[in-house]
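Starting off, we have a lone chain in the form predicted alone, written out as structure tokens.
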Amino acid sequence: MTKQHANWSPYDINGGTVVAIAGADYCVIAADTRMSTGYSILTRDYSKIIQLADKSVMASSGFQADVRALQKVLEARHLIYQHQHNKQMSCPAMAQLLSNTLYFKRFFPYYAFNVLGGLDSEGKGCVFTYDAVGSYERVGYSSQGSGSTLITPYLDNQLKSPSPLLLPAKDAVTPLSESEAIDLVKTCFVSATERDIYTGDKLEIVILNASGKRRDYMELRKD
């Protein structure tokens, strides 16, 4: 009798897609609300977006149990920072904290693929994109998750950022107005939902600007 090897993994892939776009004075962060495993939908109304500080919002795809664990660590470390410095963390500081937190777990990583969006100290929109072990970059726009291979080429076509090799360095922000960026995000998700079975149900959009934060929703196809 041949010995059967257990085929167990500590990770799962729950699908979903996240997108962030930075503008001159705003940042748009969006994600769908479907959470799946294999060919089953676990829930159609799960938010992948969390506000970590007044001007920092993170959207995460991947394994949602690891995402939730990561969110709790970041919330705890931000609370410690507030007690020590008597102020909220800036978005670039939160970006470095997220990188450090992911890198610390690099030998048993959080299976989470994140985009962090917000406003920097000058009020400009900023987006930081990550891999699972903390390597990150400030960009004008980013997409992560199961639909990112469909959305990223479209965003490249519409918004291509200047090369980071060009000198003098140019701002990694997109030339669109806030309403144009929101419309672009909606178009991205409607398109991705047609082809990606792990993206769908509802689109949640968080808009950060000088006047604060607001949320917008749009229904996506449910099949």
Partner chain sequence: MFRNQYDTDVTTWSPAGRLFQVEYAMEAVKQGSAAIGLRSKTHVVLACVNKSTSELSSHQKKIFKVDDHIGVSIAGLTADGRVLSRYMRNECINYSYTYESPLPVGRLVVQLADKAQVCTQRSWKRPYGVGLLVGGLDESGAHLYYNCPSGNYFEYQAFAIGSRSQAAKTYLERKFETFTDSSRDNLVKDALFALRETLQGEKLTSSVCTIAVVGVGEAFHILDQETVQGLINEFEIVGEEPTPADETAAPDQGSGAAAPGPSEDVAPMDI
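Keep in mind that this is a model prediction, so the values were computed, not measured. Positions refer to the first chain, counted from 1.
Form predicted together with its partner chain: not shown, discussed below.
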Decide whether residue 197 counts as a contact residue for its partner chain in the predicted complex under a heavy atom distance cut-off of 4.5 Å.
no
Any chance residue 80 has a heavy atom within 4.5 Å of its partner chain in the predicted complex?
yes
Residue 76 within 4.5 Å of its partner chain in the predicted complex, heavy atoms:
yes
4.5 Å heavy atom contact, residue 69 and its partner chain in the predicted complex
yes
Among 101 to 109, 132 to 140, 80 to 88, 119 to 127, which stretch has residues whose heavy atoms lie within 4.5 Å of its partner chain in the predicted complex?
80 to 88
